[in-house]
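The chain below stands alone and is given as structure tokens, in the form predicted on its own.
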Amino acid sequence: MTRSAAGYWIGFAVVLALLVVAPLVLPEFWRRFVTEILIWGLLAMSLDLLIGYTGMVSFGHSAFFGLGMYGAAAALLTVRPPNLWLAILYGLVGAGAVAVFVAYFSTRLRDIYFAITTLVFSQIFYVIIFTWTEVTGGENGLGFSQPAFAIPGVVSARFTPVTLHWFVLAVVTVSYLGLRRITQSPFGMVLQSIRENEPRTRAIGYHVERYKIVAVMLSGLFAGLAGVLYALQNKFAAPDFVFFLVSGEVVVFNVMGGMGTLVGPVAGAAFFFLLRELFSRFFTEYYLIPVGIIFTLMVIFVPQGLLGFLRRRLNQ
């Protein structure tokens, strides 16, 4: 193992240990805050697979996120007794099916046309969810009870805020390691080749559209998983989370943290939410103005994001 790899895994273990201990020492508000950052960080990582590694800017991730929430809600409201694993399965199936549908049409386009197409699909699903009141609850959303964590024959226990945090942390950690493996695999290398030079990648024999479809599908699955976790924490699914502005925020997370890094988007999500929490205490209605100013300054002076900036400083 090289020195850089050893340093990476040591840092990973330290951060993981801190996140494990965090809910035991933090007040209730900040414990929930950290759990939400992990969930939004997973959503940001899922988008990074597209925007950072494949060079495809998507504004449709709110649809995958929201359908993950509604899939979990459907399982928890229709299956008795409520089952955690079925909720996850329903959410993944819902988000994955929509991701394949969106990918089939949108990956035929490039650059801004792809981004606009994903935004349009996001809005289509938002309108369907908002207006199909009999099934989705419309603007009131769907409320449900939180399922127990159960492994048949082994354990069955209700979630507490601490155990829910640990469950979310475990899912996000496994998802991060899975995404990291994907991006470092030959498949991930082809995605990065598409990002750098799509015509040349097609010229050497790769079926670019197929790779894009799989990338969107994988990205949608992880986004749906983030939606399931968010639904489990809040015991609620609402159409607001399918609105395209959520996708815009996730793009901001990636830019702030550093695209093409996986860890950067999580750091970007944490930084964004900390800024929003700080400024909202002083500027109740206009807190997004200073947040927007800081984001603009970062785009100008730190275009590589927080993680890229730290890497550059450490290498000097």
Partner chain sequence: MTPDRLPEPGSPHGNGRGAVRSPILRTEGLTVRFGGLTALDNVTLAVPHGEIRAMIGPNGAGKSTFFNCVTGVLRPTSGRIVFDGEDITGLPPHRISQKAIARSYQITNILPGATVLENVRIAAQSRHHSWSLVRHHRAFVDVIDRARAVLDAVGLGDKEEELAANLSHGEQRHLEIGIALATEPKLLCLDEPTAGMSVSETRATVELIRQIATDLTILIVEHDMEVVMGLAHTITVLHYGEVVAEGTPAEIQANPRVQEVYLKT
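Residue numbers count along the first chain shown, from 1. What you are looking at is a predicted structure, and each value in this text was computed from that prediction instead of being measured.
What comes next is about the form predicted in complex with the partner chain, which does not appear here.
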Name the stretch, out of 136-144, 68-76, 103-111, 201-209, where some heavy atom lies within 4.5 Å of the partner chain in the predicted bound form. 201-209
Does any heavy atom of residue 217 come within 4.5 Å of a heavy atom of the partner chain in the predicted bound form? no
So in the predicted bound form, does residue 158 come within 4.5 Å of the partner chain, heavy atom to heavy atom? no
Could you tell me if residue 190 has a non-hydrogen atom within 4.5 Å of the partner chain in the predicted bound form? yes
Given that the partner is absent here, does residue 184 sit within 4.5 Å of the partner chain in the predicted bound form, heavy atoms only? yes
